[in-house]
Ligand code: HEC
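Next up is one chain by itself, shown in structure tokens, the form predicted alone.
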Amino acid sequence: MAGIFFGVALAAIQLLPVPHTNPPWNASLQAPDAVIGMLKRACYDCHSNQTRWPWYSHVAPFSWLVSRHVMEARRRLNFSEWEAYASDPETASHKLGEIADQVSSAKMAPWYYRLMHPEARLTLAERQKLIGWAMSTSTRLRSSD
């Protein structure tokens, strides 16, 4: 009886809508091609409007978690809206500093994301390149301010 109830409940929650949006985006981030490639591979699924929604993002309750995670990640940093940060060098510099901090501490990409997305695993050399770009660009923005 409990199994039937569980099965019905699992089927019913599939009917609850979950947003899978990819709003229009502007590719205004200026960075070397290698850096853009790393960002797209390891960051853009959550931190841009170019999210690739995997199969499990359409299956509740995982869909709720993935959607919430992407919306929160976009709120904190959205590469598709970089132009808004770039219009204020102080904001852009702060965002770049946060990128460097998160990458150097290995908090990004989170372990659970890397588990399902091996392409998001950055090598030490890739991490260093990304951190170097973020820090040098941040320094340049602060000095031009």
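It should be emphasised that the depicted structure is a prediction, and the values quoted were computed from it without experimental measurement. Throughout, we count residues from 1 along the sequence that is shown.
There is another form of the same protein, the form predicted in complex with this ligand; it is not shown, and what comes next is about it.
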This ligand contact at E98 in the predicted bound form, heavy atom, 4.5 Å: yes
Quick check on V35: any heavy atom within 4.5 Å of this ligand in the predicted bound form? no
Does Y85 reach this ligand in the predicted bound form if we count a contact as any heavy atom within 4.5 Å? no
Is it the case that P54, even though its partner is missing from this view, gets within 4.5 Å of this ligand in the predicted bound form, heavy atoms only? no
Of the residues Q102, N49, S93, S63, which one places a heavy atom within 4.5 Å of this ligand in the predicted bound form? Q102
Scan 80 to 116 and write down, in order along the chain, each residue with a heavy atom lying within 4.5 Å of this ligand in the predicted bound form. E98, I99, Q102, V103, M108, A109, P110, Y112, Y113
